[in-house]
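What follows is a single chain, given as structure tokens, in the form predicted alone.
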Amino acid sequence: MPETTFLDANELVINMGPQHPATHGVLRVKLKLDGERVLGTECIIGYLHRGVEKIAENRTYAQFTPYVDRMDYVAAVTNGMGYVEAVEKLLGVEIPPRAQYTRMILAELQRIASHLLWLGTHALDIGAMTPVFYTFREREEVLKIFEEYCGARLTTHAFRIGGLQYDLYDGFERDVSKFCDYFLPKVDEYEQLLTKNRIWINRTRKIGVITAEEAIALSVTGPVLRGSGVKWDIRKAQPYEAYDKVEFDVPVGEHGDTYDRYVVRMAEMRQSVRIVRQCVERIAPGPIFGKVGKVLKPPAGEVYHSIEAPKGELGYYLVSDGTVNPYRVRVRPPSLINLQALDVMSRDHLVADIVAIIGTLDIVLGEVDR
């Protein structure tokens, strides 16, 4: 009998998602396969689109603040931080040191909480069940501090344009210091489970490799970029708040694979603890709000401001026409930009590796779609 092929082709196109548990949200990926080997991918997004940027144009600057918490909903603190800083830049407002150090503490705790959620779910995707129980145990301690501070655990609305929503509660510094002491040995515990685990190494080494040149060409940022050996961190390169007054290192990888990105994020959690401890030592009594009017009317103009969110560069572009509503708001979300790299990282891998590669990008679809 003559050799036949399926649909007169050697290649097969299948859908992964948008309900697949390993896509971490409603992401649909079209896979072009030759057997189990991936020839190419196409991401189809938009299932979670809420028109956040258009909503901003119909709200005052202050009214829009809670909406940004819902984009990357596992890193609400840093979302809010980036937005209020952009508006403050537009207004030309400086916030007092007490507010700066408090913002940095909350932002770094949020980075830890975000990385913990990533580590637990990423390991679960690959087949390691134990880490998710450990990481959620420590994440809960961070959420307790957030809840005590402002009453929210997930969409933590912590900041106001010009400063803080609330001053610190009694015992805040004690609780944060206690968490830092408790947390560092736990990171060692995660590493005992995974770092030299031969199954983990086989599932992550040489998987999803992206070179420094490819990462830069695709505008990839955050741990994905640093995993490829590029030492770029906005907290160092373009300091905001008081990051230029604290000491910390920028971890980088060598090979740009899934394993290196894991190592980078583990090191970042340790560096976040280091930053938090310095901020706790420097918090002093004082005002928590800068000189901001009750009605916010920035002068006509435009501004772009970005911060180092847990997933990469989170930028806000604002255009003011001199009224109480922004004329235009545009968000540069790291999850969306980093997702561009999926096709480059996936080619010539197996279908099972796609799960590991999507996980190593650490995307949140609320931020991708907005």
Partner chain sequence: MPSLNVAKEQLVAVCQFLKSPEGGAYAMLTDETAADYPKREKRFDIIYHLYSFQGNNRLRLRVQASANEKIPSVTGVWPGANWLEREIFDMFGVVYEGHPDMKRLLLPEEWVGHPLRKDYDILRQDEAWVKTNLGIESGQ
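Positions refer to the first chain, counted from 1. These numbers come from a predicted model, not from an experiment.
We do not show the form predicted together with its partner chain, though everything after this point is about it.
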| query | finding |
| --- | --- |
| Answer option from Leu39, Val26, Val319, Ala62, heavy atom within 4.5 Å of its partner chain in the predicted bound form | Val319 |
| Option touching its partner chain, based on a heavy atom within 4.5 Å in the predicted bound form, out of Ser219, Thr211, Gln165, Ser177 | Ser219 |
| Close approach of Trp232 to its partner chain in the predicted bound form, 4.5 Å, heavy atom | yes |
| Partner contact for Lys32 in the predicted bound form: its partner chain, 4.5 angstroms, heavy atom | no |
| Close approach of Ala237 to its partner chain in the predicted bound form, 4.5 Å, heavy atom | yes |
| Exercise: Val364 in contact with its partner chain in the predicted bound form, heavy atom 4.5 Å | no |
| Site test, Ile95, Phe172 and Val252 vs its partner chain in the predicted bound form, non-hydrogen atom cutoff 4.5 Å | no |
| Residues of stretch 38 to 73 in contact with its partner chain in the predicted bound form (4.5 Å, non-hydrogen atom) | Glu42, Cys43, Ile45, Gly46, His49, Glu53, Lys54, Ile55, Glu57, Asn58 |
